[in-house]
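Just one chain follows, in the form predicted on its own, and it is written as structure tokens.
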Amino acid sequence: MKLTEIELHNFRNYVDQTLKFSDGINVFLGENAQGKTNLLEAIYVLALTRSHRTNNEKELINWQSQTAQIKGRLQKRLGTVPIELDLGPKGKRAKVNHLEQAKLSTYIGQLNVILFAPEDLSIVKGAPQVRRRFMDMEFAQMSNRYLYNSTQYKKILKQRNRYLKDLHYKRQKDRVYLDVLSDQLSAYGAEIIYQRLQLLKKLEKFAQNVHSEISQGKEKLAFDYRTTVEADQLGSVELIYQSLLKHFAKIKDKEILRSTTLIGPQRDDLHFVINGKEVQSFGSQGQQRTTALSVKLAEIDLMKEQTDEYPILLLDDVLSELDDFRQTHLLTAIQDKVQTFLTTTSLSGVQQELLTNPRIFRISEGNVTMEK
């Protein structure tokens, strides 16, 4: 999969901008606060219909306009596909091959991206929600089923938390309805947990290979998914569903007292282990960075396996955060394999001999010029 062209209208500081890209490495070069990351963000939003930088979609629209538009042209295995995303007061509209999509869920997955930014280095040591978001964002691109279950789960979770609050403040008394919501939440939650486990098993295998290469065979990386569901109940969706139901029944009074749902995939976590020791607690900074890099590079191969297309890689000022050794491994791993977009303030800290024929775009105050 390649993004051959992007067209921006009133997106952030770009009023009208069209760029044509190389199939290999594309570099957005410029000082801070000039619009480099806005270009990377535009590609991310075009892929996932949401930003990685803000939850307020109004921020994505140029202050002089009410609407914004991002258009892209994809080169896929089976041909060229134009895609489009419109942002405005009435929400988002997406088109594939000029046909409007009834749901955004049918649009997501047309363009698959993997973002690697400095904050992704905190996937190991950061808060649990960072790792849950990582799983949800990446797995939703790979699986429409995961995306559907995740969307439904969030809707019912919101309803259930609202109803728990109503029970707590005595605005409602009917606990049977709470049981109905618990049943629905358990059904979708079981699907999510089971799919996470299946995809994590495959991701772990790819990450182990990468990590072993970087550590020169001295370290073995493993994943440890932490959930309320007992280990011997994780073998099927049905077993997970029954386990969640049982736990909800046990903690019903506690949840009403706290006015919130206390178990489920929105509370689970992913831990990383090197040679039997938890990286979060006992790993050096180097091991934490190697783990983050291994996981990100593993995503490329997993996405190819799941979708039959390589994703597009977005590197947001991350090379400056990696030492020469890890930088070399990253650039060597993506060479002639994945279309890559990277932002940097300077190429002096980048191992340029590993950048094969990059297309360089210089950005200054929202103006983009391509180097010849």
Partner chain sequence: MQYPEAIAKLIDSYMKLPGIGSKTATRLAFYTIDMNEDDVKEFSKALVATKNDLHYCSICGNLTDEDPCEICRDKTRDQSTILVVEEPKDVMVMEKVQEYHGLYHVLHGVLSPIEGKGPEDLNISSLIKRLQKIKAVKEVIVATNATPEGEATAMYLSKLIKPAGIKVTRLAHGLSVGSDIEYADEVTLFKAVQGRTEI
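These numbers come from a predicted model, not from an experiment. Residue numbers count along the first chain shown, from 1.
The discussion below concerns the form predicted together with the partner chain, not included here.
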Contact stretch among 256 to 264, 180 to 188, 198 to 206, 291 to 299 - heavy atom within 4.5 Å of the partner chain in the model of the complex: 180 to 188
Using a 4.5 angstroms cut-off on non-hydrogen atoms, would residue 156 count as touching the partner chain in the model of the complex? yes
Using a 4.5 angstroms cut-off on non-hydrogen atoms, would residue 119 count as touching the partner chain in the model of the complex? no
Is there any non-hydrogen atom of residue 232 lying within 4.5 Å of the partner chain in the model of the complex? no
Is residue 282 one of the residues lying within 4.5 Å of the partner chain in the model of the complex, judged by heavy atom distances? no
Which pick from 212, 144, 275, 75 sits with a heavy atom within 4.5 Å of the partner chain in the model of the complex? 144
In this chain shown alone, the residue from 166, 269, 238, 86 with a heavy atom within 4.5 Å of the partner chain in the model of the complex is 166
